[in-house]
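So this first bit is one chain, no partners, the form predicted on its own, shown in C-alpha cells.
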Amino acid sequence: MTPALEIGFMPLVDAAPLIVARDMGFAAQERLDLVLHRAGNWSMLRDLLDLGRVQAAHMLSPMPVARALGLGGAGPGVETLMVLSMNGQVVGVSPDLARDMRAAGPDLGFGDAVATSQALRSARPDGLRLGVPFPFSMHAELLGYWLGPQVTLATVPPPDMAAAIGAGDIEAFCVGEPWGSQAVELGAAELILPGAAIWSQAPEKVLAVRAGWAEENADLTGRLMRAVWRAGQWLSLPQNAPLASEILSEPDRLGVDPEIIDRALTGQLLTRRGGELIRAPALLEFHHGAANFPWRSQAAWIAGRMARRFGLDLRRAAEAAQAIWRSDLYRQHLADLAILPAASSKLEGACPVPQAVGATRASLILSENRFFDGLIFDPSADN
C-alpha cells in the first residue's frame, strides 16, 4: 500500500518542488502519495502544521527559526529538512512612487541595491510603508537589512499584494513570484529590485515538519526528501519551464496565467506594464549550487537579524536556530543522490564568484554568494 502524506503549500512559484514532485511522478517513484493542501495565508499554513492536519509544509525560511526563538506565540517546535528555493522575491513600488524615483535620479536599471535604496530615500524622505507576506519572512529580514529601521512593514498575503498596493494601503512591497509580476500585469506596481540583489543566496522557502516527526517517520522522511530533491533537479532544467508553468497554473495550484509564472522560471521579468522583458540573473534557484542543502550558517544569519529586531541574545539565538536546521537529516537521507558538502556551515557573503568546495564525492561548485554591502557573515563569531 502506498502511504499518503498531507503537505501544505502557499500559491507561489517556489512551491513548485512539492507540486512537481507529485504531478511529475517523483513521489510515486518513492511509493509515496502526496496530498497537497493550498493555504490562504502563512498563519493558516503554520496552524495546519501545528495541529497535525499536514505532516510537512512549504514554509518561509524564518518561520521555523522564529518558533525556535519563542517568537510569534506558543506551539510545537518546527524543523527544517531542506531548502526548497533560493531567492525569488521582487521589490515593487506604486506607479506614483516609481515616477517620483525617476524624477529624483537617473534610470536605475534592475539590480543596483545601493542606488535603488538612495532613490527610495530621496523620493520618500519621511519613510515608507511596505507590504511583506509575514512578519517572520526573508522579505522582512532583507528589507530591514537593506533599508534600515525607518521603513514600516505591513503584513499582506502574497495573492493580495496587488490589491493592497492598488488601494493605497501600502506604497511598496517585497513578495515572492508570481505576485509581483501579477501586480505589474494589473498596472498596480513597477518592479525595482530582485531580492537576489540584496543577498544573492538567500534561502527563501524550506520543507518543514514538526520537531521529532522526521525521527519517528524516518522512512517516510527519506522518501519525501528524495522526491522533492528530484523535483528541484527537474525544475532546474530550462527545457522544463514551459511544462512547469502549465502545471503550476492550474486553479488548485497557483491559478495564475502560465505566461506570468514563466517569467520567474526563466528569469525574464517585465518590470512595468507595456515595457520589455529583462534578464534577472539568479532570480530563483531550485537546485544548482547545493541550493537544497540546509546550511546552518543560513539559520544563524536569520536568527541574528531576528535577535536584533526583538532584543534577543545573539549567541543563544544563533545556537537555537542552527539546532533546528537539520543538515544531519539531509546527509542521512540524500547521501546516495546529492553531492554533499564536507561542512555544514560556511562564511555567508564570501563567494563573489562560483567556487569549488570540499565535498563527499566528485566536485561541488557553490554559486555566487554576496551581500549588497559586502558583508561577510561568520556564524562562529559574535556578529
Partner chain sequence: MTQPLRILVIQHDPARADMLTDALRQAGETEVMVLPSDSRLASRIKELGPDLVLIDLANPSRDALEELTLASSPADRPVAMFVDRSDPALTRAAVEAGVSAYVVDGIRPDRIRAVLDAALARFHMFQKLRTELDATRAALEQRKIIDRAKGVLMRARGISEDEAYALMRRAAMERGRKIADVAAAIVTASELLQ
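As the structure is a prediction and not an experimental result, all values here were calculated from the model. Numbering follows the first chain given and starts at 1.
Note that the form predicted in complex with its partner chain isn't included here; everything after this is about it.
Problem - Among 117-125, 258-266, 83-91, 166-174, the region lying within 4.5 Å of its partner chain in the predicted bound form by heavy atom distance - result: Careful reading of the contacts points to 166-174.
Exercise for the section: Decide yes or no: are Trp42, Gly72 and Phe310 jointly within 4.5 Å of its partner chain in the predicted bound form, with each residue judged by its heavy atoms? Expected result: Yes.
Practice task
State the residue from Val184, Leu143, Leu153, Ala290 whose non-hydrogen atoms include one within 4.5 Å of its partner chain in the predicted bound form.
Solution key: The option sitting close enough to the partner is Leu153.
Practice task
Identify which of Leu340, Ala28, Leu48, Val357 has a heavy atom within 4.5 Å of its partner chain in the predicted bound form; exactly one of them does.
Solution key: Residue within 4.5 Å of the partner: Leu48.
Exercise for the section: Examine Phe136 and determine whether its closest non-hydrogen atom to its partner chain in the predicted bound form is within 4.5 angstroms. Expected result: Yes, contact at 4.5 Å.
Exercise for the section: Indicate whether its partner chain has at least one heavy atom within 4.5 Å of a heavy atom of Pro157 in the predicted bound form. Expected result: Pro157 belongs to the contact set for its partner chain.
Exercise for the section: May I ask you to check whether Arg53 falls inside a 4.5 Å heavy atom distance of its partner chain in the predicted bound form? Expected result: Yes, Arg53 lies within 4.5 Å of its partner chain in the predicted bound form.
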